[in-house]
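Okay, so here's just one chain, in structure tokens, the form predicted alone.
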Amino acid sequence: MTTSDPHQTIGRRGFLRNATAGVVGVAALGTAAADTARAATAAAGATAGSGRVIAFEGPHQAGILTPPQAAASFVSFDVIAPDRAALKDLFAVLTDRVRALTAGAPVPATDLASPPADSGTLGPLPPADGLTVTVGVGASLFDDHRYGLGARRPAKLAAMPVFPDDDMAHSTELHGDLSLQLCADSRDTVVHALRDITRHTRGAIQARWKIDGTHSAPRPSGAPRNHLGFKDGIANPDTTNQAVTDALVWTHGGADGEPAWTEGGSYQVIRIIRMLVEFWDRVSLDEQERMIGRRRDSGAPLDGSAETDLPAYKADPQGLYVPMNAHIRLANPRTDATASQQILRRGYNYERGLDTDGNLDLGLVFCCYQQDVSRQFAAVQSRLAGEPLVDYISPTGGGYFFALPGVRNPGDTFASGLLAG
């Protein structure tokens, strides 16, 4: 899809600008019918889905500190809006749709001669179902020849490099202008939200790549397990402590070279990591545990007895208990010097059937948030280069994005600070 035809460009831009107005118009035409439908389905709608509504407005976007929901989709888009005015329209429409979807708004009534205003996959009264939609922007959106935003690019935002153990030479799942992280308590709620958003933004963005994930229930308790059988995400920073999130997660406008508009945002890293489970399943339990640095059954570090125990690296300077090249020791050495390099992980398992050789395509959608992608994720990744685990995992795609500040009030929109003036 291109914008080289001026007539086509006008049509796309008109479609985008009229998208929200069209929905409002349909609702106005069918107010009485919509009221009747709401009354008829109120009892069922009240208990549909999980019943959770996660607040949309605030200084930060939902879906970052929010505990991971059961289902997720990570989608990268190319922005094809023809100019900056159309880009502003895009973010306005995104704001309206995410606000409505995360609140569980009723479906506007539609006359029989018109296309339905909603896909109908969640019924006439779609629930919020714990939905969050987190919007990020990629470095390519700030190319000067596009929308004139080069001077406003977040200071640490760049295209994700290829790290030494990556397998991305022929990947089609890299980078993008805009990212959406959609998470909800049910898979069909995620699909419904993505379908709604792409319908209302057609002509302004075009999907580049997508991967779906699930957040497993704890088995039997504590952190969920990944496809290697080990508990994942045990050592996250304490997100209930504002001092911690201010130091590790949120960007601060005017600090460290960041533009003022970035206040309250966060850098997002997405990595598609395939796990070569057929090979992993042939490795002894002792070797598996020494590669990870934890017990597979309990999640405890090899020098501890419970998942929540902190590994005592200072008491084990030669790695007699937790090997020096164990994954958890390299990722987080727990020294004063590396304390500021911690990341907030928000990973999901994925399953994509079979590859061309008949092997299972299973893995991890690794997602993390941080204040400074260079100081945090890239520093951790450099320590992990060449670790024993690289024989059993293969990073194949992903990208760096900047998760926008939150929408603060009913008059605000995504990217309002970025596009001001």
Ligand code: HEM
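Treat the numbers as computed from the prediction; the structure is a model and nothing was measured. From 1 onward, residues are counted along the sequence shown.
Omitted from view is the form predicted in complex with the ligand, to which the following refers.
Though the ligand is absent from this view, in the predicted complex it lies within 4.5 Å of a heavy atom of just one residue from G304, G233, G319, G123, which is G233.
Residue-level contacts in the predicted complex: of I270, I273, L141, V190, one residue has a heavy atom within 4.5 Å of the ligand, and it is I273. For a residue to qualify, one of its non-hydrogen atoms must sit within 4.5 Å of the ligand in the predicted complex; all three of L228, I328 and N332 qualify. Among heavy atoms of A62, none comes within 4.5 Å of the ligand in the predicted complex. Heavy atoms of T396 never reach within 4.5 Å of the ligand in the predicted complex, leaving it off the interface. For the chain shown alone, R346 is not a contact residue for the ligand in the predicted complex, no non-hydrogen atom being within 4.5 angstroms. Contact annotation: L364 falls within 4.5 Å of the ligand in the predicted complex, judged by heavy atom distances. Per the 4.5 Å heavy atom criterion, the ligand in the predicted complex is contacted by stretch 290-298, the sole one of 72-80, 132-140, 111-119, 290-298.
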